[in-house]
Structure formats: structure tokens, C-alpha cells
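Presented as C-alpha cells, the chain that follows is alone, the form predicted alone.
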């Protein structure tokens, strides 16, 4: 593996450079076969092309200064890598996150800025990693080196956090089964050897590197030391395999499948078969309790939640727009009941916007001398949106009704029955082809496999809802509100 400590890149990449970087010997499997080239594989290539287009936007005069910055060495890098040193930096980061999200209307959930925010957080709080130094390993230096490598080479990262489990009871106790969970089998002079599986790497086949970090609670017990680590390695590392789900891009035109034909980001289970992880790529090792605290103590969870909130706002706005467009097209935007239905979704959207605004405008300096958004409104948003999004989808289904199925294809406007389609598929305020395009978009959101995956993704994005709610309860400043109650009851 290359020594990233001496590799400084030229900054933001073009889409063509990104695509060329994917044409390596990575081991990707789908539908029973190994993929030769993800950039040309049916069902994957158009997702790659969309992401390449996003990278090209970084060079566009319209977007460049909004989504990138020039570092102290004169290298232009993605803004999501910049360490925030002021409230204005937080606001600028939010604008960049939102800009990235609007390019897919929130439907390409794992854009690179998400993991960039995580990596920036760990590098900016790398003194935390010094607590876990083992032998001659310098974990905080490793993190800084990798951060600078990824930042100046515009690397796209995926990540994997969850160990598979054979026994739910065992996993709930914070103990992992070494028959399936990723664990260290041996230490060598070159690094550690790991074997096992991890769930679930969104964007995995399209990424340059994979970040393998802990996320679930590891019991602080010597038996869990083999499972306690954090590292990053290239997707093309020998012994690393990705097993992908079925694609939701079935080769339809952009008209027939406006979202799934563009924004298939792919999910994969990651298999590690005696993979060597060099010491210089390890950031934490052998300390379960330290691994448990990593995301919270470095504020990575807050910076990641900031990026997510911006993406959810773009997504909520998009669904609100589809609902309003259908109401306008059909002339139902004057109906009181319809207004009431759509206003419910509008309120959800504006709640996300208000929580994001509070988080950004209450930004403050953290224990490392960097600025961080206010966590509480971000935690509130990430607990609410898994409830909001399925309701938005349900509302679209209720509004669309059977019209979501009455959707001829693009080809039907150019064949022998095109006259019938033009005649029978128009609505009050839209010609037939525009009406069908609108409803095919709605279908891709709330009926198709792509749309169903989006709903599932939103339900469990940050974890099981009951665990998320319990964590929110534990983090809430309960004493402050209890004191108000006690004060009132003690009045004479």
C-alpha cells in the first residue's frame, strides 16, 4: 500500500479522473457474478456517471466557490474537508452540503461530503486518538496523514459500521461472534490481519476507500479487544470483497425512471478475507471503551448530522414540490382537503429547516478550538425524519392513487398509439407527456424498488429508532426542566 503521509494531490478531481480511478482490480460481486468494471456494468454505470457529474460541478464557476476552498498550500479541496474555525465556517459548510444535496434532490444519499465531514472531525480532534496509542503506532499522526491524503486527492469514501450477528441476545450484550463479525486474527510487523464481515457499505462499489469504524456498543471487556479498531483501506485491497444487492437501475430511460436511472448508489455487504491493514492506516486499536466514545468525543456525530440535515431538507423540499405539482396539474390545489394534506408535509419540511437553522446559528467552539453546530436540534431532526419521510411517501401515494399506475412509457408517445396517449392522458393543467413524466417521477419515489429502498434507508439511517430515541432521552438536559417543576411545587 502507498505511504499516504508523503502523497499530496492536486485537489479536486474531474469526473473523468474519478472514473479512471475506479478501473482497478476491486472485487465486486452482484447477481452471482464478479463485476469486471463498475464504470461500465449495467445497473451501476449510470450511478457512477451521476457522481462523476457531481465532481465536475466542483470545477464549474457557478458552484466552485460554494462547495470548495483553497487551503494554505494553494490546493483547492472540497469544503466539507475544511475545519470550521468560526460560526461563518459552519454556515458556509451548510450551504455546501445543501448544494450537493440539491444535485440529486436528496435521492443520492451518500454523497462524498458525508464521510468527508467525519474524516475532518477525527483529524481536527486527533488528540483524542492519542489515548489509544499502541507500541510505536502513532494513531493521531495516521489520521492526520490520511485526512490530508483524502482531502488533497479528493478521495470518495464509503464506510461500514455494523457487525453481523448470529445471536441477537449476544449482540445486544455488546459481545460479537468471531465466526461472522470482523475481528483481528493476527498482528504482524506490517499491520493487523482482519477477517469477517461488515454491514452495510452504501456507495461501496463506487468508492475509492472504505472507512471501517466502530459504531455499536462494545462491552469494555478483554474478550472484545479483537473487535475494537478503526482503519481505512482502498476498496481494491486484496482479500476485500463486496457483495451487492440487486440494482434498482433497470436500464429504463430518464423519462421512464427519472430517479433510479440516475441515482443508484448501491449497497453492499463487505467481506474481509485475511486482509492486511497496515499500521499507518490504523486510527484506533484494542480499546473497546475508546471506540465506543469515538464519534461523540470527537464531535464527528454532530458534523455528520449537520450534513445529513442539509440533505434531508433538500429531500423534503423535493417531495413537497412533487405534491404541489400534482395538485396544480390536476386543479386540486383549490380543494380544502387537499390543501390540508399537503400542508402537513409543508410543516414537516419547515420543521427540518428550522432545526437546521437553530443548529447552525447556535454554533459554538468545542473543546478542540474548532466550531461545531448545536447538537440538540440536529439530534431532534435525525429522530424526526425517519418518521416524516414514510409519511411523505404515504401522502404521495394517497394523492397519486391509481394514476401512479396509469403511466405509459416514453416510447408510447412515439408509436402507433401515440394519438390515444396524447388524448387520454392529459389533465386540467398539463399536456399528456408532461403529466405522465410527473407521475412517473412520483412512481419512482413511492412505488418503485428504488423508492422503497429510499424509505427503508430513511427509517434506519442512523440506527434502530428505539435506540435513537433512548439515546436522545439520555442526552437531553432533563435536570433543567425538572428543576422548573420542583421550583413551582416548592413555591409558598
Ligand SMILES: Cc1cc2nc3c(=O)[nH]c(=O)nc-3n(C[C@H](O)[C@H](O)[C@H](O)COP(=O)(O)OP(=O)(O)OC[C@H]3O[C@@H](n4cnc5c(N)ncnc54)[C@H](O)[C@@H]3O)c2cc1C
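Residue numbers count along the first chain shown, from 1. Quick caveat: nothing in here was measured; it's all calculated off a predicted structure.
Same protein, other form: the form predicted in complex with the ligand, not shown, and the subject of what follows.
Colleague: Give a yes/no on whether residue 460 approaches the ligand to within 4.5 Å in the model of the complex, heavy atoms considered.
Modeller: Contact check for residue 460: yes, within 4.5 Å of the ligand in the model of the complex.
Colleague: State yes or no: in the model of the complex, is some non-hydrogen atom of residue 456 no more than 4.5 angstroms from a non-hydrogen atom of the ligand?
Modeller: Residue-level check for residue 456: yes, a contact with the ligand.
Colleague: State yes or no: in the model of the complex, is some non-hydrogen atom of residue 200 no more than 4.5 angstroms from a non-hydrogen atom of the ligand?
Modeller: Although the ligand is absent here, residue 200 would touch it in the model of the complex, with heavy atoms inside 4.5 Å.
Colleague: Should residue 193 be classed as touching the ligand in the model of the complex when contacts are defined as heavy atoms within 4.5 Å?
Modeller: It does not: once the ligand is placed as it appears in the model of the complex, residue 193 has no heavy atom within 4.5 Å of it.
Colleague: Any idea which of 302-310, 155-163, 399-407, 183-191 reaches within 4.5 Å of the ligand in the model of the complex, heavy atoms considered?
Modeller: Of the options, only 155-163 has residues within 4.5 Å of the partner.
Colleague: Heavy atom within 4.5 Å of the ligand in the model of the complex: which of 464, 42, 449, 53 fits that? Just give me the one.
Modeller: After the contact test, the surviving option is 464.
Colleague: Only one of 281, 93, 151, 110 has a non-hydrogen atom within 4.5 angstroms of the ligand in the model of the complex; which is it?
Modeller: Only one listed residue qualifies here, and that residue is 110.
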